[in-house]
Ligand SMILES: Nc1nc2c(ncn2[C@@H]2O[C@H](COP(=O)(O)OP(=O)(O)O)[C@@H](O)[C@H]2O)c(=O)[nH]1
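In structure tokens, one chain follows: the form predicted alone.
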């Protein structure tokens, strides 16, 4: 069994991707366990096979302890450390090819608090695992925000210590036609600076010179680091199902060393 953890900032489309990727895998004869790992989730576009809210519910903690939304979310993750083995056992009992884990929208409570990485490492212990880090295309439009979001992805990579695939979601918001690959590629390059940032042809010196509030040398060095850390970004529309096959191929390269379905384990075996 393989774990794929879907991460990214709030509103980037993680739950929609779990739905679309899960359906795509099942259409290709793979068994999937959908794991909701967000104690504060109100409405989900899929029916979770394993749901963390059975053990810890942020809204219940708000009522019980008089906490605000942020405090309840922090408390929820702290409580989760007591139940992560139970959740892991539930996943294992379903004996699927893949477990898709829908991480909380408040990324900081998993990635940047002390217990977050402990919980994730216990959940996936002993299994090949990878992350998908989702970026909203609108957040990646400006170069300053594109650089910032890639640094957040890099921070998440360091904290959770899992291989990470960068994916640009909601591309249907910037083009009405997803059927023409050449036109789509040109539209993304012209309108989304994240695509430019990761291109070999884009100059980090040019980025540094355009920086207003940051030392140009710092900007240039950060640009080089991001280019070294992320060789590609996968354009996606989780809502429309576009790019799911490319995302699967990218995660397969990490998990199983290839894109062939034959590299996967038969359902029911570990």
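Not measured: the values here are computed from a predicted model. Numbering follows the first chain given and starts at 1.
Unshown form predicted together with the named molecule; subsequent notes refer to it.
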Quick one: from 239, 202, 59, 227, grab the residue that has a heavy atom within 4.5 Å of the named molecule in the model of the complex. 239
Partner-free chain; cross-checking the named molecule in the model of the complex, the single residue of 78, 172, 92, 108 with a heavy atom within 4.5 Å is 172
In the model of the complex, residue 22 touching the named molecule (heavy atom, 4.5 Å): no
Even though the named molecule is not shown here, does residue 251 get within 4.5 Å of it in the model of the complex, heavy atoms only? no
Answer yes if any heavy atom of residue 257 is within 4.5 Å of a heavy atom of the named molecule in the model of the complex; otherwise answer no. no
Run the contact test on 9, 12 and 15 with a 4.5 Å heavy atom cut-off to the named molecule in the model of the complex and return yes or no. yes
Have a look at 231-239, 50-58, 25-33, 65-73 and name the one stretch with heavy atoms inside 4.5 Å of the named molecule in the model of the complex. 231-239
